[in-house]
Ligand SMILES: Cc1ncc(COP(=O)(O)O)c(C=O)c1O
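Quick setup: one chain, the form predicted alone, written in structure tokens, and binding and motion questions come after.
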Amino acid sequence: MTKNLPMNEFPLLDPRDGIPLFYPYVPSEAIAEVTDTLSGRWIGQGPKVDLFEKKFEDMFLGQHRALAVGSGTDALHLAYLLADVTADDEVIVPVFTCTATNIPLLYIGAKIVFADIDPDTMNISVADVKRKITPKTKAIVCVDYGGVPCDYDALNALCREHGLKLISDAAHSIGSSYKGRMSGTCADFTIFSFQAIKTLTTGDGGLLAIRDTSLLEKAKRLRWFGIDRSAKQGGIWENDIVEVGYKYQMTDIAAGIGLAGLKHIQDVIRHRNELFKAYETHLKTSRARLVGHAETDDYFTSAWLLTIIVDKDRIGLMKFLRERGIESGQVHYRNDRYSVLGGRRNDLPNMDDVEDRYLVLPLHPRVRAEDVEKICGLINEGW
């Protein structure tokens, strides 16, 4: 039975207000952290960013190094640059994800090759990735949809065989693990998102985890206009700028919120995982199935989203739940529907099959086991 989070000062949801699909978790300590930051010298990138990076490394990254940035999208762009993706390189990406996974490839001019989904997890299909590798392929990008880890052993094997880089979009999966390894340690580059409603939020923000630590200094330069900040702050003005950089840094204000959140992150992850298990327990209808699992022999899910596949009439189910005070939605869409990403492809049969049948249900710190039981009871009842 899922218990109330011990650190959660927020009141329970008022039943009269219904159950929203998302609700941000910001602990009370964040107020003190932000006040402290605003009272001091550093409000932009300063010592709290450094401290946030170090604490994140210690908790989630092992020997990989962390670079805190302004958004998960920033982190993805930097990952593609550090992976030496250039114009006309092919990059195999998931068709089902937030557009932030793929839009930065347009900045570079790379060719996007969409891979189909695994119907059980809605993660990228390893079999379809294998079919779509060509001599022009430079990298494979995967997304841990909802917090369920991808098949990293299989993806890394393909990358070794073909000399490719593996880039993991772990925006959903902070705290997830794959075969005993944290999600941030399974690829050459891994990005995390701290956007407002993510498992850990900094208001908005992101982080890039780097396996090859020799790339860290370059990553720091790219984060700040191509400038070596350490040398500049030391008063050395002879330093040249030799590469195009960006303004992708995290601020100490955001880092302060993140530091407060890290104090409670394990409880938040545990609560989310237990909610997933509650859905597994109470959803008992042949008309709907869960995407992924809370835990298997291969993985542990930190569970940012809870997604079901229904047999038919998704709109009818959404209306049925809404009339009873429960919000639901699609959240992400197949990216080949967007003109800017090249338009609809015709070689993605698994995505075609579930396109009109998947639905995301509430799962966040204000949801309790009794809420899950109510939601599942209504779905079991039929619509």
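Everything numeric in this text was worked out from a predicted model, so none of it was measured. A residue's number is simply how far along the shown sequence it sits, counting from 1.
We do not show the form predicted together with the named molecule, though everything after this point is about it.
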query	finding
In the predicted bound form, residue 121 touching the named molecule (heavy atom, 4.5 Å)	no
is_contact(residue 143, the named molecule) in the predicted bound form, heavy atom dist at most 4.5 Å	yes
Contact test in the predicted bound form: residue 256 vs the named molecule, heavy atoms, 4.5 Å	no
Close approach of residue 98 to the named molecule in the predicted bound form, 4.5 Å, heavy atom	yes
Options 241 to 249, 270 to 278, 218 to 226, 69 to 77; stretch whose heavy atom lies within 4.5 Å of the named molecule in the predicted bound form	69 to 77
Contacting member of 314, 345, 55, 332, with respect to the named molecule in the predicted bound form [4.5 Å, heavy atom]	332
One residue of 195, 156, 185, 137 in contact with the named molecule, assessed in the predicted bound form (non-hydrogen atom, 4.5 angstroms)	195
Residues within stretch 148 to 169 having a non-hydrogen atom within 4.5 Å of the named molecule in the predicted bound form	169
